[in-house]
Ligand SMILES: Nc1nc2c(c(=O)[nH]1)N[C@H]1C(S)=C(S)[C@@H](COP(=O)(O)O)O[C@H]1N2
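Shown below, as structure tokens, is a lone chain in the form predicted on its own; questions about how it binds or moves come after it.
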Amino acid sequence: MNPEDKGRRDVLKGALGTGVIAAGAVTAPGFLFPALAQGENLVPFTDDASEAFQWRPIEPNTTHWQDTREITSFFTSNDDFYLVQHYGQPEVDNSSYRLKVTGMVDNELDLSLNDLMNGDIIEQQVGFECGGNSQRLLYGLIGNANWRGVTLSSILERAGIQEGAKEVVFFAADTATEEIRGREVEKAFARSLSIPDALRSENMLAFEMNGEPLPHYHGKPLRLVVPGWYGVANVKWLTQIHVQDTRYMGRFMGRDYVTLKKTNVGGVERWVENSVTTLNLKSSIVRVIESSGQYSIQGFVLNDGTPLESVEIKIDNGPWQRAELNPRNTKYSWKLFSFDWSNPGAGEHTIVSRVTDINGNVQATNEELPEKVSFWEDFGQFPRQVTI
């Protein structure tokens, strides 16, 4: 390992533990959700979702979600960043690892991990959630991390995409046997991107997470990171990139992670399917802090990277009031916000947030969301109850 890289990683690891990022070590925002200081108290939520919430530790081949009421740092630790996998968690050996680039390319590639680590390297903060994240889980299928890796565009440009190509498919090492129309077949987890989506400069093949080599649970040794998209697009244990001229219709593009909702199509109400892709505009309140009679409401925003106009808080039946966004939030990170709640009266209160982007899109209420059959893409306003 390059001594300079090791030093940078050690600095970042230490910073993640203390909530402080050394200047020049990495472009990183401040720390808006500190651990509770002496005299500060976490005010418990009393809504039904919070009463029913259950947390469980990370276990092999299971889903893991964090308790969003306990967020204490801008970066989610590698151990608490949410986990979803569908075909197990394969062990991939770093020394023998190869990434193949095939299909409609001028030069098929066969790259080692070392080849990738010596490529066009970028580092960026990216937060995302599972397409199935829900209020029932207090939006706990979420995480925000600092990723380091090689740009996807540089790999595709090196391979040379041929004229007529339409999609790039990303195949993973995790496989399972499925029964399809009465026949058992072995399938690998895979997702695809259109050529324009794949060539976005911010897409990366990440081999590092929060200053450490990519952990096993998170796709060791290499995963795709597509900023502004739901987690399902960020393929873990990546082994092959294939360029083709037809639409990829694998399970997790054409049958699963597909939102079925009612929408207006040319003046006709129809049920329409769409693959889960870019993040919808969402905010959520995750904690209320009390200190010496002063109260603070804190939460996060996720979206596709479109700049934000405002985050607002509504208390009971009062007016919408503007919250403060952390000025060091970044384009694709989660965006943390805080609101000083002055002189709340005794008793139960309902608090809710909404976010508006610069294009005038406003986070919908649950009642305003389109009628859906599937549970994917839950992004409505999330009212919370607290008792003062």
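Position 1 is the first residue in the sequence shown; the rest follow in order. The model shown is predicted, which means the values in this text are computed figures rather than measured ones.
If you look for the form predicted in complex with this ligand, you will not find it shown, but the lines that follow are about it.
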Q) Taking this ligand in the predicted bound form as the reference, which of 297, 232, 152, 311 has a non-hydrogen atom within 4.5 Å? A) 232
(Q) Under a 4.5 angstroms heavy atom criterion, identify the one residue in 83, 92, 111, 301 near this ligand in the predicted bound form. (A) 83
Q: Look at the candidate spot formed by 130, 223 and 237 and say whether this ligand comes within 4.5 Å of a heavy atom in all three of them in the predicted bound form.
A: yes
Q. Hey, in the predicted bound form, is residue 257 touching this ligand, heavy atoms inside 4.5 Å?
A. yes
Q) Taking heavy atoms only, is residue 97 within 4.5 angstroms of this ligand in the predicted bound form? A) no
Q.
Test of understanding: in the predicted bound form, would residue 248 fall inside 4.5 Å of this ligand by heavy atoms?
A. no
(Q) Is residue 189 part of the interface with this ligand in the predicted bound form - any heavy atom within 4.5 Å? (A) yes
Q | Partner-facing stretch of 69-77, 168-176, 283-291, 114-122, counted where any non-hydrogen atom is within 4.5 angstroms of this ligand in the predicted bound form | A | 168-176
